[in-house]
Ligand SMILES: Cc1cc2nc3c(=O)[nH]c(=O)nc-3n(C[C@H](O)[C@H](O)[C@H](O)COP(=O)(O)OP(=O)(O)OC[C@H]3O[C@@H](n4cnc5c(N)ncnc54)[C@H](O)[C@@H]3O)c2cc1C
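We begin with a single chain expressed as structure tokens, specifically the form predicted on its own.
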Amino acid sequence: MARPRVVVLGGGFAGLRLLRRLELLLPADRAELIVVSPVDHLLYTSLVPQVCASTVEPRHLAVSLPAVLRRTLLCLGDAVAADLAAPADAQTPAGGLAAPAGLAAPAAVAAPAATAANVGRRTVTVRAADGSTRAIAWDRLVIAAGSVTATPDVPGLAEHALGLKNLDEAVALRDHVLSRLELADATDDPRRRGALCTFVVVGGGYTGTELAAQMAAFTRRAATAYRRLRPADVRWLLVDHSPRLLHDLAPALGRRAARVLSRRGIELRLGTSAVRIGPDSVTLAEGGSSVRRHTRVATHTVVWCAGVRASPLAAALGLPTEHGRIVTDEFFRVPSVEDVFALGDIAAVPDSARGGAPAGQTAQHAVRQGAAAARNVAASLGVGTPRPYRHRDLGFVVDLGGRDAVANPFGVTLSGPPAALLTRGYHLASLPATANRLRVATDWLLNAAFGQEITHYVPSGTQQETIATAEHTGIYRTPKS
């Protein structure tokens, strides 16, 4: 009997954890595993703010998929469409008679030979970097394509704001900030220097808080390297519509984080929204919907960290969604189609521990769902029994840079050096590869001894990419209603 094919869309936290568990649960002769990903690595996004602050080298957060997956085939490209209809016995879908073109296999793993089982299956369409497409047949389809930056209809956001969702955006932000400091050092106009040295972060969640805290310390140290700049010239603002920082976490964590940020000179604009973004300013609105006070802040840098939304693939597939996320049952199955599963940020997976409310869009949920969904996918192939998803909250860690962090492991609130030590240990343990752990730990030691590098890679005049360009969100077509 030929092996059934499991195709996983996405090699992020959820997809990688699912595939590693499937490799353990399913013997090699029971299933063929394929992962479709636009890149050949998992990005450990929890430490991306440290790339911006030159604390960690970018590639050290990129965990090679072929290196950690023993027998999963890697297909580089973006999944942009899928045939979800039941297979027709008399038809052979495109790409069904041969191994999918362009698959990169780990060492000692060959591409699958043509078999009768490859005939008459449903397919997923993959778009390569050069724009070409190909179809890959599947028996089980697992959608774990993650999320992208949420970009609401704020004038100027799409054209002028910077995102922080992938390595390209992290490196671009670091280079952009350093180039603004260089331009400020070169100008004789005090007003222009003030605008160039002003940086605004929108979003007081995990990413925005960590980014503002770490970048404020980094840029003030960097300012000492320029002849005409002083650390006091650098100004950071953190803007959030909520009345408190880290509003998704326990209030004690938000209060302690706010104290650290205030101590570092960061202006907290809580209960405030960014309502317009221009090339050299951002307009902020404070107060309720009836009475709002508008303030214009001169700046050349606005970083948008105000939430995420499901990958546009969810809409492109035409599956039922809830707030943009694919609807599933508690076993990760998509009720409207057979043999299709979804998990991670792209899916609204009911959490039985929360009365069936959708699980949050966090890395912790994605990793846990990957392990749980692997059991259910294997059960659909006759190995083991399915179980519903139930999440147990182990707490959160927020790295504020240096010796500062806040954490609440098992409900115990920590801050300062103990929280920083716990946070660093947690991240090292969570990195999926030993080589990456050693490289990140070495980066931390080197920076503690010698400080961060303040050189940048791109010329000051290089045009910045938009969030849509950096995150490739324009490649999907939404089905007509």
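Since the structure is predicted, the reported quantities are computational estimates derived from the model, not experimental observations. Residue numbers run from 1 along the displayed sequence.
Below: the form predicted in complex with this ligand, not depicted.
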Per contact check vs this ligand in the model of the complex (non-hydrogen atom within 4.5 angstroms), the hit among 250 to 258, 162 to 170, 181 to 189, 373 to 381 is 162 to 170
Pick from 273, 219, 301, 364: which residue has any heavy atom within 4.5 angstroms of this ligand in the model of the complex?
364
Have a look at 139, 78, 175, 233 for me and say which one sits with a heavy atom within 4.5 Å of this ligand in the model of the complex.
78
State yes or no: in the model of the complex, is some non-hydrogen atom of residue 36 no more than 4.5 angstroms from a non-hydrogen atom of this ligand?
yes
Partner proximity in the model of the complex: residue 144 to this ligand, non-hydrogen atom cutoff 4.5 Å
yes
State yes or no: in the model of the complex, is some non-hydrogen atom of residue 55 no more than 4.5 angstroms from a non-hydrogen atom of this ligand?
no
Proximity of residue 313 to this ligand in the model of the complex, heavy atoms at 4.5 Å
yes
If we check this ligand in the model of the complex, which of the residues in 184 to 208 reach within 4.5 angstroms of it by a non-hydrogen atom?
206, 207
